[in-house]
Every structure is written in structure tokens, then in C-alpha cells.
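Next comes just one chain, in C-alpha cells: the form predicted on its own.
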């Protein structure tokens, strides 16, 4: 009987330690996520320049005002479709600084090739 109670006590203690460990990263995180909203419409992104900080988590929220567009930033490994009427979210924690071009990779009509922008990541 004592061994069963001891086993229960150890199990509860192990669960409490695991739960505390799961909360620690949230409690110690001093960098809040940056939210950047980007609107895509016929042949442009607004804004077409996004500034992020290296190591700081960011959410890029993308919406389309007219048709299906794409968002492709190969330098940071980001890629998604942007369907009209929906919000698409990309989470990124930039691990390098620099200038990274992005573009629409879903043909959306004449002028599609001008649908570009830049993500600038600073230290």
C-alpha cells in the first residue's frame, strides 16, 4: 500500500515538473511577436517593405482584396497562397540579417511580374 502511494506521489510530482517546464519558455520570453499586416491587390503588396528584427518572432498576416495571389520569400523560406477574403498567417523567427526579396508566385494577370517587395531583417 505504501509503495502505491509513493508511486502516486512521484507521478504527481513528475507531472508538476513537466507542467512547470512547459510554462517556463512563455514566462521567460521577453520578445513579443511582431504582427505585420500585408494587403495584396492587383500587382502590389501594401506595404511592400517589411522590417523585422533577427531573433524576434513575427507573424505576417496576408489578405487579398481581389484574387488569388502568392507570397514567396525564398531567402527566409516563406511561401503561402493568399486567397481572397481570407487571412493567411506566416510565422517567422528570422535567424539571419539582410535584405530578402519576396514576390507573387501565382500568375494574377498583366503586371504580375511587378508584384514584389522586400523583407529587411536587422540585428
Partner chain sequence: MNSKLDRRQFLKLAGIGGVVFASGMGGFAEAAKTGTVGKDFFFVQLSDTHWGFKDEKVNPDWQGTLKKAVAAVNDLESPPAFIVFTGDLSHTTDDPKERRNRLSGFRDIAAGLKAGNIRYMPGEHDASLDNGEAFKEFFGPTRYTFDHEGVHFIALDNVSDPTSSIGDAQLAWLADDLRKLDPETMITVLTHRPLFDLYPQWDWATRDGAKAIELLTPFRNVTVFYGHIHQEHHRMTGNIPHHAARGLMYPLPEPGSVPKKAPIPWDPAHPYKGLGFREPKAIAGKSIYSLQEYPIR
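Residue numbers count along the first chain shown, from 1. Keep in mind that this is a model prediction, so the values were computed, not measured.
The discussion below concerns the form predicted in complex with the partner chain, not included here.
Please determine whether residue 74 contacts the partner chain in the model of the complex, using a 4.5 Å cut-off between heavy atoms.
Contact check for residue 74: yes, within 4.5 Å of the partner chain in the model of the complex.
is_contact(residue 37, the partner chain) in the model of the complex, heavy atom dist at most 4.5 Å:
Result no; residue 37 lies far from the partner chain in the model of the complex.
Does the 4.5 Å heavy atom contact test between residue 116 and the partner chain in the model of the complex come out positive?
Taking the distances in the model of the complex, the answer for residue 116 is yes, it comes within 4.5 Å of the partner chain.
Classify residue 54 as contacting or not contacting the partner chain in the model of the complex by the rule of any non-hydrogen atom within 4.5 angstroms, answering yes or no.
Answer no; every heavy atom of residue 54 is more than 4.5 Å from the partner chain in the model of the complex.
Candidate site 62, 86 and 91: all three near the partner chain in the model of the complex by heavy atom within 4.5 Å:
Contact check failed for every one of 62, 86 and 91.
Scan 33, 81, 44, 66 and let me know which has any heavy atom within 4.5 Å of the partner chain in the model of the complex.
None of the others qualify; the residue that does is 81.
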